[in-house]
Structures are given as C-alpha cells and as structure tokens.
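Consider the single chain below, provided in structure tokens and representing the form predicted alone.
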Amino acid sequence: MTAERKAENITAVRMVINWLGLGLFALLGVAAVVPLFLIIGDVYVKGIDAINRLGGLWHFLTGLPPTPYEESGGIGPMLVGTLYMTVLGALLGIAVGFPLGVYIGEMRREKFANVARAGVNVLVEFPTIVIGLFVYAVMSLAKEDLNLYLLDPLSRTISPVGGWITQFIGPLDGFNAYAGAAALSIIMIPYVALITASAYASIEQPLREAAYATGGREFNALFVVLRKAVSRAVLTAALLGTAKIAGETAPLLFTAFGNFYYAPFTGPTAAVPLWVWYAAQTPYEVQIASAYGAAAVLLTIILTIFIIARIRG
C-alpha cells in the first residue's frame, strides 16, 4: 500500500471519528435540553388550562386565591407581592453588587479583594433557606428598636399624606415584604458582583489607561467612563440576578411568610412561589390547578427576563 493510500485511509478514519464525536455531542445536547422543554411544556399545557377554568387570565391575575370549595380564583395578592419584593431585592442587590464587583475586578491584586471574591463565590453556592433564616434572626433582633425609634415616628409624620401610605410604611411585623426583599437581595448580590468583576477584569489595558486619563479622578474613570464599556454585561448581570430571585421560595418562608389577601407590605406578604409550594401540597383539585396556573405565570416572567438578558447581552 502506497503512502498516499495510507494517508487517505487515516484521513477517512479521522473524519469518521470526528463525525461520531460531533454526533455524540449533539445527542448529549438534545438529552440535556429535552427534559427542560418537557417541563416547560407540561407547566404551560396544564397552567393555561387551569387559568381558563379558574375564570380567565384577567381574573386569575387579579383575583384572590381559590378556597377548596370555589371553582374560580386567582393569584392577585401573590403576583403583587412577588413583583414588589423582586423589584426591591433587585434594586438593593444591584446597589451593593455592582460596586462590589467593580472593587473585585479592578483591585484584584489586593488581599481584601481576593477575600471578597472568595466570599461571593461561597455565597453563590450558599443554601438560600439559610439566608432566609439569617434575615429572620436579624429581623427578630432589630424589629422592636426599628419600630420604636424609626418606623413609628416616621409613620406618624407622614400619616397626613393619606391612609394608602400605611400599605408601604409603618411598624413591621415579624414577617414582612422588606425582610423578604432583603433576603432576595443577598441572594442576588454575588451574581451581580461576579459578572461585573469579570467584565471589568476583561477591559483591555489601553482602554483602562485612556479612561483614567480622560476621567480624571478614579471614581469617574471606574463608574462613569469604564462603566459604559461594560454596561451590557452589567445589565445582563442585573437581569439574570432578577430572574434568579423572582422564583425563590425557601428564603421567603422565614421572611415574607405568605398571605392569601391583599395586605400591607409591613406584614406577612404573599408571593407566587409560596403559593405554588403551598397549593401543590393540598388535596384539593382547584388549588392544585391554581398552582399550575401560578407556575405558568411565574415561568413566563422568568423566561421573559432571560430572553431580554440574552438579547441585551
């Protein structure tokens, strides 16, 4: 056999092995994606059917949850509570996570920056239920003093504005929306910090030097000039972190606790994940159906955020 013939055979074998490897990778990719689509499909098929049976989309999004003896109901209080706590938690998570990420990314040679990076890496893997317990413990210790010295005087001062203000500001109960938002913000902080740190660390040195030259002070260079260079990555981090906390259940069990009615955010507050967790355990068909509908609504919110993050990223 000539050398050319051997080379052709070797090339053919390599091509076969290459195609077999690519086919195996494709098969593994399909195997990883199929369960996800099956879950999403099951939630939407049963969820949309449940929403239609429970009174239609508008009634489902605004009505009170069904009791075991009703044939219709909704997730109005839960949806409002989830949106309120998610927005507050996301704002606080970004306010803390972004500057922390800038510090870790820009001052990565400092010892304390390495400690901070290790801390946020640990926090990413931390059980969220433990974070809920931590916030619950802090709230239990601080609630009386917080109400006595801050919230009681503040609520009396702003009471002339109108009774509606008491829905948001007033003495806190042991369980409240603000404790839930605090727990969600702690969960979100490491996601924002790590993505922001990676974005700042990836900035090329000439661009960084130009930013310091044109920005003047270090604050302007970091938070004004260089921020524009990584704005898409920071926005993606914020959206992904928001999607993460929107579906959290465990930390809210010890902070927001849950509610079945529209109520002030200073007391126990409803949330869609809490209702799904509760209703799915009941033996009543109407509440199980409501749980499927709530899961479909929550999944839509999270997928929408992920799609926006993907487009913007």
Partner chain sequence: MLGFLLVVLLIPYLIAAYGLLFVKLRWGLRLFGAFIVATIGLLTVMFLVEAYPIIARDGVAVFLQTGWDPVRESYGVLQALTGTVLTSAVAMALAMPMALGVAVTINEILPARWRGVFGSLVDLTATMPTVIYGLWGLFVLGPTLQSLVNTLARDTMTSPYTLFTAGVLLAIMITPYAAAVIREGYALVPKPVEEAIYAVGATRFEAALIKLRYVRNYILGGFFLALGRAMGETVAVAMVVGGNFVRFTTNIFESGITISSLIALQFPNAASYQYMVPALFAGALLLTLFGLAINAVAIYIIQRGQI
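Numbering follows the first chain given and starts at 1. Think of the rigid core as the biggest set of C-alphas that the two forms share within 1.5 Å after superposition. Computed from a predicted structure; not experimentally measured.
Missing here is the form predicted in complex with its partner chain; even so, the following discussion is about that form.
With its partner chain omitted here, the record of contacts in the model of the complex names 140 to 148 of 230 to 238, 140 to 148, 153 to 161, 201 to 209, defined by a heavy atom within 4.5 Å. At a distance threshold of 4.5 angstroms between non-hydrogen atoms, Val286 is out of contact with its partner chain in the model of the complex. In the model of the complex, none of the heavy atoms of Phe168 sits within 4.5 Å of a heavy atom of its partner chain.
Contact between Val115 and its partner chain in the model of the complex is found at the 4.5 Å heavy atom cutoff. Though the partner is left out of this view, Asp49 does not reach within 4.5 Å of its partner chain in the model of the complex, counting heavy atoms only. Contacts between stretch 90 to 108 and its partner chain, counted in the model of the complex as any heavy atom lying within 4.5 Å, involve Ala95, Val96, Pro99, Leu100, Val102, Tyr103, Met107, listed in sequence order. In this overlay on the rigid core, Val16 has a C-alpha that sits 2 Å or more away from its partner position between the shown form and the other one.
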